[in-house]
Each structure stands twice: as structure tokens, then as C-alpha cells.
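Only one chain is included here, represented as C-alpha cells and corresponding to the form predicted alone.
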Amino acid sequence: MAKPRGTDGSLIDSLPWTLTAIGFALSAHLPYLPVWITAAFLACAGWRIVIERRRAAVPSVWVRAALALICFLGVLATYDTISGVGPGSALLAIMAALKLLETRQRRDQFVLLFIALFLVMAALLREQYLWSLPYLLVAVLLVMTAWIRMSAERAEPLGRSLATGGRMLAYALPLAVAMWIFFPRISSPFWSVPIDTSSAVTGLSDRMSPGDISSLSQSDALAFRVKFDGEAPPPPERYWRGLVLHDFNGRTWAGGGPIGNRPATEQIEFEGDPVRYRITLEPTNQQWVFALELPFEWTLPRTRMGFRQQLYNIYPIDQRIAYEVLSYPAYRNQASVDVRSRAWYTDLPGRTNPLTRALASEMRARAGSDQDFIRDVLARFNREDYYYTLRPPALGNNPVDRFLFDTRRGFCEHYASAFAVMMRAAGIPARIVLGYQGGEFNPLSGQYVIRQSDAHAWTEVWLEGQGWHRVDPTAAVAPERVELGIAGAIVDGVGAAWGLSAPSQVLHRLVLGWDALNARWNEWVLGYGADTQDTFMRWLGMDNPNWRNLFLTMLAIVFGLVILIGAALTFRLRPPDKDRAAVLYRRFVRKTGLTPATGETPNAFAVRVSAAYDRAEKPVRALTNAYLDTRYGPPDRSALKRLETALAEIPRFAPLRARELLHKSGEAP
């Protein structure tokens, strides 16, 4: 006998809540899911509502199997795999959508709500933003409310279901907080848990063409945060070194992979006072590790310095990381340049940018030395009509020639590239350094915020007897960019020349406040690792916070919280207080020595008591009237008082029959 495939409409009230809970759980995944998966979920949800309203049959098992196979192949074709956060979330979404098409009973909706909880937890594997906590709380509250609505009567108000779900969540929160604080932590912060890296990450790449950084510099995305131990260096010294580019094909600069070279790092002479600071770097999917020029010590594991003095990690940075660095803003890079290296750093592709080559040869011939030539080139940028703009015109072929002689408008990469080409044309080794410059201080968090808009390119030239020397040609054209940074230069009025307007001060303060909240969230919640936990436990007075002590402490606190929550529930669910009128009436019944019959009314019982007692009719009638007024009359405190008085006036009479027997025997008083 075939199973019935029709529905009886019993889920029409709870189905919208189930769909709401699943939809909210899925909302955090929408930016990462392909459009067709979202469309499939909406289609299945609408189809299921129509089925329930029309009491129609759900699709057959063959139809559902075919849809499941098609969707599985679609996920596989979209992601090229079925493992990972992205494909796993997509499969969960498809599972929830197709499960809707076979729900006939409430237990099927329970399975859907379990899938919703898995979707909520999977969202935390992508990123743990500040909004993750309210999203988690609201999502769990909706799932619990949907669960309650499936068991509630149709007449139960929505507010009551929400309140019940809220109370259940409130009972669980203290336990969750206690386990979060005292559970023995892993050695790395929560942000080090593997996250989804399938989406693109905005940031610097290992190639630079005209317009790359100018486009990036219009992004407000966070690059990293910095907290200095003490006073920060002035803006002209805040160059955050990333990677070095040396290969030029006439238009694009590129750099080779990171190669460690310890002898090269040992040729650096550090001078002056060091600066210690802590960097929280956002994911980049690149190996480059940013630090203030020039780093001397760093705490990030598996990180080395390449032979071009750039820090790199042996693995791509696919998660937020925090590390401490000791840098010397004053240094002398005495790394030598051999014949092979000189060929790298002076190479120019043939027949490209001929006007620039001719200009460099002419200026070098007039200059007395390499240093004089460098000063002359910078003076040309400063004195002639060159402009710094975020929206440079297109350059086409021979971009350096067109920039120097035609457009004369560009961003930092235009000036750095033109300067490096002129240096190489004059036989001076030169290379491009990509990184960030400046940063904005947030007084609310005490940290410097470096955004993608602070991306910068500058040049290094090698001079005999001096080694590699930093030269920033942008400072010759727009010194405000180096002194104040992008944000400061815009507010200072330079932004008008760039086609930008000064931001609202109120909005700017809101942005800083939001950034400070995110910084605290990263530091106190996501950064709550083993070291932070040990420090916090010692602050609480635990001298030896090893894993055993932490685990036992957690068990004790959780056990105590369970007892407190149990006591609160017991007190809340205790039987209602006994009715005072009922208590007094039961005392009256005990005085009579009689037992009311089942269904016997107080008036009928009063008649029977009056017949069984001598001279009892008047006080019994007064007590019964007071009791009826108390229980069934309008609220009146005097009625309860009359009941208490009437009870006190009723003596313990012996039944009439017993008194007659005593009288006949001569024992009556």
C-alpha cells in the first residue's frame, strides 16, 4: 500500500515560523552563496506554502531525488569541491530547501530547525564580526520560538511564545558565559580557527600597474590596526613595508616569491631608538607581513625576512592574525648589490618609454653625481605642473612617457614608477616598495587604523657606500599625503583638488566609534586565547591557572549555576498560594466532623451541618454566606474578615444523636 503524499493543513500555522527561522539563519550566508541556491530556497519555500494551503500532495520521492542530484551537481560545479565552509553551507541550504518538500508532520519541521541551527553555527566559520553575537542570539531565539509555536495552541498569543523562548535563552546564557571564560583555551585566539577564504580579499597584490593603488585607495576597508607601546613615530616615519617589486615590463611592476636571506638582513645597521607595537592584520590571502620600516624582531611564527627586506609568512594570511614587532625607524640598509642583482635592478625592456630614457640620460649628464640627479628629478616633480589625483587619466602604451610628458596627473604608483624608470635609465639600481603610509589615530581605542585607502608605493635606490635608500617622490608633489595621510589631506582641503569632499565630523566620529567597538571585540572576545585567559584568571586571584584548575573551576561554577537556575525555575513554577477562603472553609469542615459529599454545594452542606448540630444553624449560615461572598462575590476584604470571625464563633458541638444518648444514660451535664 502506497504511503499518502497529501497534507492535511495541520502545519499551516507553524510553517511560516519555520520558514522565518531558516531564512534568518540563511541570511548571513547570502553574500557568499550563488544566486541560484537562494532562488532554489525561495522557490521551494513558496511551493511548500502552496502545498499546505491547498492540502495538495508533496512531490514524489523520484522528483525529490532528481532535484537533490541536480542541486548536488550544481554545488560541485560551482565550488569544484564539496568540502569546506562555502560548499558545506551551500549543501546545508539546499538540504533545507529540499527538506521542505517532504515535510508532512511536525517532526519533519524539527529536522528543519536543526538544520537552521547548523546554518547559524556555520556562519561563525566564515568570520566572527561584531554583529555575529546579536545575529546568533536573534537566530537562536527565532528557532526556539518556532519550536514553541509548533507545540502551542492556536489561541496562544505570539508574545507569550517569544517570552518563553527568551526565558529559555536567558537561562542558557550564564552557562555559556561561564564555559566561555573558564573552559581551557586553545593556544591561539578564536580568530585563528580556519575560516572560509573562498571570497576575494581586498588588498595589495604582488603586481602593480597604473591605477591599481589609486583604485584601492578609494576603499575604506580595514587593512590592519596598530597599538604602540609608548609614543608613535611622526607621520613621515610611518611607512608600513610590505613587498618589493623589481621586475618591470614597460607597464607593470612585479616581484618574485619570498626568499629568505639571513646574510642580507645582517647587513642592516639599526640606529636611534626602537619602537615596539602590536599589529592586528586582516586576512589578505598573501604571504606578506606588514611592519614599520625597518623591523628588527617579530613574534609571528613561521615569519622570515626576505633578501629584499620584506617580511613574509610561509603560509598565506587567510585569517586575522596579531603579532608584536620591534622596529627601528632610523636605519642604514647596507645590503650589497652584486653584478647579477644590478642587472635586475637596472633592467628596462627595450623600446619602451623612449622619451623618459632620453630625459633621464640628459638630466644625469648635467648632474654631478647620483645624489644630484635624484634631487633634480624630485625638483622637477615639485616645480613643474604635476598633480596628485585619485582619478588619473588612462595612459595606454608607454605609460611612463605619457604620464611625464602629457597627463602629468597621477597617484603614488605613477610617481614611484616614473621615478624608478628614470633611475634605472641613468644606471642607478631602483625598485618599488608597496605597503601603507600613515594611518589614522582613533582616540576611542588608542590604536592607529590603517585602511586600504592608506595603500602607498615608494621607491628605493641603491647608492654606492650608502646601500638602499628610501625615496618617496609623492612627497615632492603632495607632501600633505605623507604628513597628514589620505584622510587628513582630504579634510585639510587637498581633497577638493582630487574631486572629494570633507566627510561629516559626526559621521567620522561614528566610524571611529564603530572601529573602536570592533577593536575591543577582536581583543576581548576573538582574542581570548590561552595567554589572555591566564592573565584574566590571575587577575581573579587564581595563582596557577592550568587546564585542570580551569576545568574544575568551570565545573563548579556551571554546577552552581545549574542549581541556581533550577531553584529559580522551582520558585517560578511552584504551586500557587492556597486560597485563604478555602483554607478557612476546610477548617470549618474539620470542626464539624462531617465530610462533604461529592458535588455537594456549600449551601447544602450548611443545611446538613445545621441538622447534625445543636444550635448551629445561625453561625453556620453566617460562615457559609461569608465564604460564598469571598469566593464568588466582588473583591471585598471585609468578606474574608467576616469569614474569619464566623469561623472563630463556631464551637465544636457534639452531634445531636450522641448528646441524646448521653442524656438517656444520665451522664448528660
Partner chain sequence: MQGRSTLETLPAGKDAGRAALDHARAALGRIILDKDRQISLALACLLARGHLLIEDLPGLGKTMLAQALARVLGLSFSRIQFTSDLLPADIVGVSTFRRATGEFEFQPGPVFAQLVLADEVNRATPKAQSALLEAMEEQQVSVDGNTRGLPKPFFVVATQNPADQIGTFPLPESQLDRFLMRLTMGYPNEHNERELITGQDRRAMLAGLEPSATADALVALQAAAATVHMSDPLVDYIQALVRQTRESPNIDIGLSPRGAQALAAAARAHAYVERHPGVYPDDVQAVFTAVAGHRLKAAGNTSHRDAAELCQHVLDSVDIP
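Between two forms, the rigid core is defined as the largest C-alpha subset superposing within 1.5 Å. The shown structure was predicted, so the numbers you read here are calculated from the model rather than taken from an experiment. Positions refer to the first chain, counted from 1.
Omitted here: the form predicted together with the partner chain. The next part is about that form.
Put simply, Thr598 is close to the partner chain in the predicted bound form: some heavy atom of it is within 4.5 Å.
Mapping the unseen interface onto this chain, Arg572 falls outside it, with no heavy atom inside 4.5 Å of the partner chain in the predicted bound form. Remark: Trp36 does not count among the residues lining the partner chain in the predicted bound form, judged by a heavy atom distance of 4.5 Å or less. Contact between Asn603 and the partner chain in the predicted bound form is found at the 4.5 Å heavy atom cutoff. Across the options 628 to 636, 47 to 55, 24 to 32, 66 to 74, residues that bring heavy atoms within 4.5 Å of the partner chain in the predicted bound form belong to 628 to 636. Taking a 4.5 Å heavy atom cutoff to the partner chain in the predicted bound form, the contact residue among Arg302, Lys578, Arg383, Arg351 is Lys578.
Along 273 to 305, a non-hydrogen atom within 4.5 Å of the partner chain in the predicted bound form is carried by no residue at all. Superposed on the core, the two forms barely differ at Arg53: its CA moves less than 2 Å between this form and the one not shown.
Put the two forms on the same core and the Cα of Ala622 is off by 2 Å or more between this form and the one not shown. Comparing the forms between this form and the one not shown on their rigid core, the Cα displacement of Arg375 stays under 2 Å.
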